[in-house]
Structure formats: C-alpha cells, structure tokens
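Here you get one chain, nothing else, as structure tokens; it is the form predicted on its own.
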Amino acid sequence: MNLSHYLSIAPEIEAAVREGKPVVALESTILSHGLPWPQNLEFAYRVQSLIRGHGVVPATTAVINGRLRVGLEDFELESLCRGTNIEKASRRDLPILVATGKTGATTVASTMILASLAGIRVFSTGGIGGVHRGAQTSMDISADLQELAHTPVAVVCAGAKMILDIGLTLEYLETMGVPVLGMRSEDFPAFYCRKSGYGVDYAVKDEQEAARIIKTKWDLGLTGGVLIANPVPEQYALDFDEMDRIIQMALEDAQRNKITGKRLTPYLLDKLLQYTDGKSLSTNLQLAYHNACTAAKIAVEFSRL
C-alpha cells in the first residue's frame, strides 16, 4: 500500500521523526468545534509555541481537501478555525472524507491514527471521549476508547470529559488493556476538575518514568496506546460538585432538544460555557496548555530512550 497517495507529512516533522527527535501530535477538532473564534486561532499558535519552547516539533493533524495531513500551514490553521462547515472526522469518517475530497478536523481517535501513520508516538489533547451517561441504552461510546486499545500512541489528557460516565469509561479501558497513568497523581481527573472520585492504574513520579512505561509496553509487543492523565493546575480547577450540577442541567437541555451523536459534545460544552459565565473556557485553555507542555517533556524523554 502506497500511503503517500493519501498522506502528506510536513518536511520538518518527517525529518524529526526520521532522526528520532521529539514530536508531539495535536488534534484539530478543538479548533473547529471546541473553541470559539478568534480564541481558537490564538490557542493554536500558543500551544505550538509552548511545545517548541521545550525543543519539540508540534504536528497538528487534519484532513484537508481529501488528504490526510500531519503538520499544517498557517492559512490552513486559520481556515479550520474560521470554518463553519468543517466535518468532525473520527476513524469511520476518514475514508469518506479522503475519497470525496472534503476537509475535516481530527478527533482524538483520528489524530492517533494519523500520528501513528507518521511515526509520532506522543499526542496532547484536552480530554478524551468515553462512555456517555446512559450508554446502557444508547450504546453511545466514543471511538477514542477503541483507538487507545489498538493504536500505539501515548495520549496526554486532563482525564475524560465530565459529561461522560467516568467510571464506565475506566472500566472499558481496563477491559481493553489500556494502562491509565496519573501524572504525579493517584486520582483520575475529570477535565475541569482535578479529581473524579476514581483512581488511576499507576501514579508516575515524572515524565521520564512515563516515557519508560510507554516504551516498555511497546517493547513487550503489547498493542495499543497508553493514557496519561494530567490534572489541570490547581489554580484553574473548577469545583467538582458545582460542575456536576451544571452538567446535569446541560444534559437535561440536550435531552429536551433531542441532541444526540456527534452534536452532543459540542452542544454540552457550549451550555457549560453559558452556565459557568465563561469559566469553563478559561479552564479548558489552561488544561490544554498544561497537557501540551507535559506531552512535550514526555516526548523529549521518550526520544532519549
């Protein structure tokens, strides 16, 4: 199979991977569906700058006019941030978007796929998708979890989004054999909040230990990724009980308006922004910056092994 027919990797990223230099993958759904204009473009540039500040090459992924892209030009980043009809591209959407020449922003699952195809082993995101509340009847389970089970990329995140059933999400990851590491924490974070009431499989003391565990997993021939849960810094964390109350209100709104599937997460995040008077957006930005810096440090340590 000649992947070059479908995949374009920016020369800087291709050279860094070839030479064993550290690279961190970044998703693009946060730009097109997660943050409002113009904060999304400011975020895109800042997160790349933070990663470069650690001597690491950032690699934002997307599908642009039917090509899988690892590394975007500035005008492409702006187009994704300004775009109003950008597809949300998960694993199932990739062949459709590529075959029909369309543009899509990558989710956690599809970013893992593109990163793996490009030889990138560390990826920074905000929070992963997971098992939705009420999944016992809706069967609404994010493709992110299956990707973590099968694709060899380490994902640094602030835990799972609070709108999910975090307990069932962790059960699913355990069943799929995905190690869940806590960065200097025994608690699994709940995105906006430092604790969710659930623990991690192992609390790593630093980025070097995380890199050793990641490398050891793949050296042993074990498939799939590793999840590194990186709690939001204390000064930006929101109160768990208050956020849980607000999320219940948002979920009731979604149910009344029959919002499901791909539309659910953006709808709920928009409601949280409204109900927290913008605090959720500020926390979202800060946890994403924190994750990017942590991922960059892990990528540096991984490249040294």
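Counting begins at 1, following the sequence as shown. These numbers come from a predicted model, not from an experiment.
The discussion below concerns the form predicted in complex with a small molecule, not included here.
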Is every one of E27, K88 and S142 in contact with the small molecule in the predicted bound form, taking contact as a heavy atom within 4.5 Å? yes
If you check G104, G225, G182, G129 against the small molecule in the predicted bound form, which one has a heavy atom within 4.5 Å? G129
Within 4.5 Å, heavy atoms only, which of C193, A118, C157, V108 is in contact with the small molecule in the predicted bound form? V108
What stretch, of 71 to 79, 171 to 179, 200 to 208, 142 to 150, brings heavy atoms to within 4.5 Å of the small molecule in the predicted bound form? 142 to 150
Would you classify G34 as touching the small molecule in the predicted bound form, given a 4.5 Å non-hydrogen atom cut-off? yes
Wondering, does L269 line up within 4.5 Å of the small molecule in the predicted bound form on heavy atoms? yes
Verify the contact flag for S280: yes if a non-hydrogen atom of it lies within 4.5 Å of a non-hydrogen atom of the small molecule in the predicted bound form, no if not. no
Even though the small molecule is not shown here, does T265 get within 4.5 Å of it in the predicted bound form, heavy atoms only? yes
